[in-house]
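Have a look below at one chain only, the form predicted alone, in structure tokens format.
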């Protein structure tokens, strides 16, 4: 086996056999399980005790309010406001809700008053507001002798269905943009997290070997560039192994949690006054979304995702490796070297988050998908929107060339910095290393 292969094998086996790696890899899905259990528990949790509210309807607009989740509405029974307040003081009821006359039907805002010394929880306050607003609307409709069914006919939902003019290619649907945004968003987030986490993993690995002086022994039989490249490839393999294990275990956890908890998605609790969803309509929507997903060019998307991930990983992990080799024992001072490396990665993520969601084909997004430091994040987002083939090809070529360039550049820095101790390194000093001979 070549020296490079030995380095990759050593880097991989050393890390995947560590107890910390095994425990961390197994605990992540357990953490996901705990998170899902907490979410399910919170969805079933009913906050606080039942709130007893006396309704003083001065104009007879709402009449009797039906009880809501956590709120019980009581009729005033002809009592005055002062009498009801006294009942609140005596803890017979929790509060008094006074609804004054509406006055002018043209008013769009109406204030009601809640009397109690205890604070009204935001959830219950919003529930009461929605309930009274619906009742006052019904009161206006009855008072103006309007037909509710006629009013419902005035509401119209509009959806844009794109159609091609020249007839070439497959027509888009109203789900195309939403599906593209979902696919692009998921790919962008995965790319950002994987490149950032695995790149920093390479930097920590370099720093560990430098501070422990192990690298001095290894450099006696291996060239610095081979050592750096083997570390990048080995650490990347460690990260991919961890990701595969997480995906498998997380899928298993997500499958078994509903079985263990007995959770039925159809019977999950819904917010108060939430619109009822027609099961047949939901099924139809799901089928149309699945049809839109099947129309995506998945082989090209997956192939491009892999190439851009490898390109982005080599670009940033090589820079992280170079920074790790230049760092000394004082990690606080070395953090100033990390910031310029992470800024392009974070900036590309913000460009996609801010500009990409509004228009994936804007000039800023086109530039970001071409620029090698941004393209590993930006172009996978645009892939779901079928960008011109020449842009994809050019972006792939540029990111591959940039990966080779940054690996070579990092190798020039690594060969000097890895054996340098006891000196605070600046970017000016790193720039000089690039031109050292040998």
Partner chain sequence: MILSIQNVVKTYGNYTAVDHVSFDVPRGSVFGLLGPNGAGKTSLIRMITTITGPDEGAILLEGEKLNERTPEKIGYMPEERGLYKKMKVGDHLMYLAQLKGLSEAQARQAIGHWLEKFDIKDWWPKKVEDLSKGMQQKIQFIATIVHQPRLLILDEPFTGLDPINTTLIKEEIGNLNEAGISIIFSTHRMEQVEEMCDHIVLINKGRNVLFGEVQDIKNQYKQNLFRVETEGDLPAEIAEHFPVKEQEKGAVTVQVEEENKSNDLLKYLIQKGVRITRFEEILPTFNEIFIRRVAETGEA
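We call the rigid core the largest set of C-alpha positions that still match within 1.5 Å between the two forms. Quick caveat, the model's predicted, so the values are computed rather than measured. Positions refer to the first chain, counted from 1.
Keep in mind that the form predicted in complex with the partner chain is missing from the display, and what follows is about it.
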{"property": "Of 204, 213, 130, 137, the one that lies within 4.5 Å of the partner chain in the predicted complex (heavy atoms)", "result": "213"}
{"property": "Listed residue (339, 182, 306, 219) with a non-hydrogen atom within 4.5 angstroms of the partner chain in the predicted complex", "result": "219"}
{"property": "Candidate stretches 339 to 347, 221 to 229, 103 to 111, 86 to 94 - the one whose heavy atoms come within 4.5 Å of the partner chain in the predicted complex", "result": "221 to 229"}
{"property": "Partner proximity in the predicted complex: residue 419 to the partner chain, non-hydrogen atom cutoff 4.5 Å", "result": "yes"}
{"property": "4.5 Å heavy atom contact, residue 6 to the partner chain in the predicted complex", "result": "yes"}
{"property": "Contact label in the predicted complex: residue 123 to the partner chain, heavy atom within 4.5 Å", "result": "no"}
{"property": "Residue contact check: residue 10 to the partner chain in the predicted complex, 4.5 Å heavy atom", "result": "yes"}
{"property": "Neighbours of the partner chain in the predicted complex among 305 to 320 [non-hydrogen atom within 4.5 angstroms]", "result": "none"}
{"property": "C-alpha of residue 415 moved at least 2 Å between the shown form and the other one on rigid core", "result": "no"}
